[in-house]
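Okay, here we've got a single chain as structure tokens, the form predicted on its own, with questions on binding and movement later.
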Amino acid sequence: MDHERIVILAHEKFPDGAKTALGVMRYGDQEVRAVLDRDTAGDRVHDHVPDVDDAPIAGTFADAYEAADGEVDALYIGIAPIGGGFEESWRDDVRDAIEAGCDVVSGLHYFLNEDEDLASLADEHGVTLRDVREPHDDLTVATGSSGDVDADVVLTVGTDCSVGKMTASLEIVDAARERGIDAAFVPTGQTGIMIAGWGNPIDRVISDFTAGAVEEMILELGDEHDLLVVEGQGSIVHPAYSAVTCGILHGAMADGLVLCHAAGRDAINGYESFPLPSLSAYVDLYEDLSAPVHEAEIVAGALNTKDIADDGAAADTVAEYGEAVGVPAADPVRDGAGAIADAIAETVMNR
């Protein structure tokens, strides 16, 4: 079997509220047999998202499994409610998947393996519940050795959460590979882990071990590739998640940073009483915070222009963003990440 055949659960959230589902569909090598969404059941994926492989949308796992002629290996939980909880309305679908002999893969903070009902059912049917947000037990503090690997390391950093750091990271890896650079993606969040099939879920790691969890991944890959692109999390000014951002920044000991931003965003998403600093302030903040551990400059910018319909207006906004940050910039989805990869090659890999 070349690819895992999956059904993705995205009830009442597809497509706009199903970040994990869309990430797996765009960047994973899984074969998506169906999407579960009660609100759009009977539609096709292409009715809503034209730039991924098409698949039917079903209202239940049982319907999806029947439509796929039973050729399903796993059910992926493709949405993450605030707090990462498990919605009881999903239970029947998860149980049906287990009883059909399918593994269940989840990025929730709620661990399926700690749900007695689901865990016992999985044991009965000989399937695996994969809680990708559960860190392994032997993480330790960082030793400060990420900077010793042979690979150059680039980290995507953000002006806020949900500005496209994972997407930018994956697009940069693809663009680098197109240019003959041996690049690898280093996942730090649940969606990235579900796409890549490995990684450390940094937002579930004990604070003292955050930098060490990133360092562990850098050391694992750092002598096997020429470029590592580390997926950033949160923002250094975020009132809730800045600690995760700082831990990744220092653990990665990056050689270059790519600043990610969402066009039109002027306040912290969900914390609108906190306005975003100026773009130039972010450059200083990230570079100054990096310097005592490992000097790194902002070498490129990635701008998310999905809310701008007109291509010309989007291009103008990207140009303005690049000028404000003082580095080459692109929307890695709309434009491709070629300009960003070129900037990394010139400023990080050729020095």
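Residue numbers here begin at 1 and follow the sequence given. Note that this is a predicted model, so its numbers are computed, not measured.
From this point on, the text means the form predicted in complex with another copy of the chain, which you will not see here.
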Quick one: find which of 202-210, 111-119, 165-173, 72-80 has residues within 4.5 Å of another copy of the chain in the model of the complex by heavy atom distance. 202-210
Consider the chain as shown here, without its partner, and state which of 280, 242, 128, 89 has a heavy atom within 4.5 Å of another copy of the chain in the model of the complex. 242
Partner-free chain; cross-checking another copy of the chain in the model of the complex, the single residue of 51, 316, 39, 288 with a heavy atom within 4.5 Å is 288
Is residue 274 close enough to another copy of the chain in the model of the complex to count, meaning some heavy atom within 4.5 Å? yes
Look up in the model of the complex whether residue 237 has a non-hydrogen atom within 4.5 angstroms of another copy of the chain, and give yes or no. yes
Taking another copy of the chain as it sits in the model of the complex, is residue 324 near enough to touch it, meaning that at least one heavy atom pair lies within 4.5 angstroms? no
Give a yes or no for residue 261: in the model of the complex, does one of its heavy atoms lie within 4.5 Å of a heavy atom belonging to another copy of the chain? no
Though the partner is not shown here, which residues of 247-264 have a heavy atom within 4.5 Å of another copy of the chain in the model of the complex? 247, 250, 253
